[in-house]
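First, one chain by itself: the form predicted on its own, in structure tokens.
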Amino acid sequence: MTDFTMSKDAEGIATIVWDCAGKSMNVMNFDAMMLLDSMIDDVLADAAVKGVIITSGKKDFAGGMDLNVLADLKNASGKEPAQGLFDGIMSMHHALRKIERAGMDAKTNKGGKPIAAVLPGTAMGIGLELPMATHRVFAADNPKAKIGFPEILVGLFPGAGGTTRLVRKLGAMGASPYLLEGKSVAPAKAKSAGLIDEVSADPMADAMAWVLSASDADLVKPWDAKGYKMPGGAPYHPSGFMTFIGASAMVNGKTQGAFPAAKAMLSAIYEGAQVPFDTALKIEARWFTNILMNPSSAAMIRSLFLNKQALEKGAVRPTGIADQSVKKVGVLGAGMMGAGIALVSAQAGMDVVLIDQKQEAADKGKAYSAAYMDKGIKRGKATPEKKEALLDRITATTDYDALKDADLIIEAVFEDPAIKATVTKAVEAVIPEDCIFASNTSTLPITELAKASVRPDQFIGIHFFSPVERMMLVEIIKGKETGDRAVAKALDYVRQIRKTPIVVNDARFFYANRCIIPYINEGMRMVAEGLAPALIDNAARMLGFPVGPLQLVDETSIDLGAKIARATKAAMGNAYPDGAVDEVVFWMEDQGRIGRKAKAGFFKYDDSGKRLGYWEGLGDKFERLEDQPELTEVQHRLMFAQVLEAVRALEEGVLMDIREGDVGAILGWGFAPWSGGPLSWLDILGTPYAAERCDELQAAYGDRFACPPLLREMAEKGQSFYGRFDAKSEAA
């Protein structure tokens, strides 16, 4: 079966239906584009055809480009991968430009055949670029549909004419939310914004009527008409000059220059705005090729699209285990984490029992969901009816008997092994024998916590990140005795709440915190050494991290860091490596500067909690170096502190799949998304250089930068992580 099929009716309308066999969503590839191109040739040459409608045979129009195709095109181009990519992209431009011109005379703009697009549902990426090349876009009145260009979120930008067309249609400022932020909107908002033309209860009927009545003037795009001027002004126009200056400042302000796709897209827009439309398409294609040749782009696509999607579809789920979808979940502890877990579970349609020691605390936890829904109602994203239905699914109580028919328990009580053990025993006396018990601990080893359970094979860790409703990663931790059904249950639950799971083996701090803590600690070590706090945090932000290590400490609270330090020191004894960090942490704690919640930390704050700059007292306590180090030196310390822990986690078998190491890092703590994750970053650097840099950092700053044996071995063999470890490999 072909991706596109065509039929012609008695009225002279040719209908081209996009329907990729065996896929829930249409995705474009080069063969399909060429098939569509041949169909357009057919209808333009057929005198009996008056016009064309392009639509979908599925509930949605299209999800975008098959990104594997771009990689295949690059690999198939031999010694000239850039030329191969450019030629492939230009072939798409030619096909879409043929649709746009539709056989009209080049001089008079007359004689073309009207071509409309009908979108039954979601249209993303190339699924919007194709309709934008038609003469009128009709979307079904489907509020669940999303229309937009998400490419920037995976390290790309719309490269099949979408960038050039949208800027020429809306102007640089009007197009920026959709191009630079990846914003997607429902059809009604897409129409009001100018992305599409019509929203209809019967888009096919309306499209047919339009095709049969369209005039020559209806087919000519503004940029093909005489006297066209770009909305808001071109770069050489006074108002346009200011627009492009502002756009450049906005992009660099938001990305700190760390994301190559945003800079390349802005270049394509700026340069393309100064030349004729067809030349602008070539410029767009060149910049798109530039991004596809950048290893950052390939790494982002692999981690944030291919690998993320694979993990969400159950790539690491144990085989042979029946569906473990959760019907009723018990959440123990109604604090911030427990309240968030209850919210996302109820949103997924589960019945939730939210338990705390006091009814007042349980009710407060349920009120968190009510407040969340109230905010949604104000923004038009929820209704009073949906709020009522969600709250009806949450039972706030102190009575453990309410858990007697639960099939999953998630414990989110205070991080104290004794308290967790008491709760585990009390709950297991009530719940069914086949109920899975999960602990939402962030640091305590699951194997130790499972000792309180009479069914350790049904005991597992499900580590959420805060705030639960916003953070997309969930870390699932296997204890030494955790069975496959518990893993499957946890994965199926995470799928139900529409988050991305990673599965790791048990170890102190698991995977995410194991890497985050060295990042924070390295920042505090630098403070003690006399580095400027602004240099430390800005070095991290320029790497693409959402916040620097010092700001992160303030947000998570210094007293929490002090508590973790004491517990880790007690557990590790003489092997404890972070004495230099403790000098900063415990001194700040003694000063009462424990972070934003106290309105005093590494930053100063006003009464509302707004940051007012770094606290001068740091410079008084830790004498500032007169000669500050180079930016790259600071950045390498922050990066290697994390990536070496990721390598050790892989080496020790904590990480079982390198895809989880990269996806987990980006989604869990915002690790430099442009890099594709810590293991992808080492591949970009090359393992020989990475090992050499470890030796330099170890000599300068200590053994925490010692090159792990796995990395040393790979460097000597010239191996890459993604070359050595395929999706099914285990750590060496």
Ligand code: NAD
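We number the residues from 1 along the sequence you see. The structure presented is a predicted model; accordingly, all values stated were derived computationally and were not measured.
Form predicted together with this ligand: not shown, discussed below.
- For the three marked residues, Ala649, Gln698 and Pro708, no heavy atom of any sits within 4.5 Å of this ligand in the predicted complex.
- In the predicted complex, this ligand lies farther than 4.5 Å from every heavy atom of Gln274.
- Although the partner is absent from this view, Arg136 stays clear of this ligand in the predicted complex, with no non-hydrogen atom inside 4.5 angstroms.
- Asn440 belongs to the set of residues with a heavy atom inside 4.5 Å of this ligand in the predicted complex.
- By the criterion of a heavy atom within 4.5 Å, Gly548 is excluded from the residues contacting this ligand in the predicted complex.
- The chain is drawn here without this ligand; in the predicted complex, the stretch among 146 to 154, 584 to 592, 90 to 98, 457 to 465 whose residues come within 4.5 Å of it by any heavy atom is 457 to 465.
- Ile355 is the sole member of Leu266, Ile520, Ile355, Leu219 with a non-hydrogen atom within 4.5 Å of this ligand in the predicted complex.
- For the options Glu415, Asp72, Asp202, Asp405, the residue carrying a heavy atom within 4.5 angstroms of this ligand in the predicted complex is Glu415.
- Contacts between 319 to 346 and this ligand, taken as any heavy atom within 4.5 Å in the predicted complex, involve Gly333, Ala334, Gly335, Met336, Met337, Gly338.
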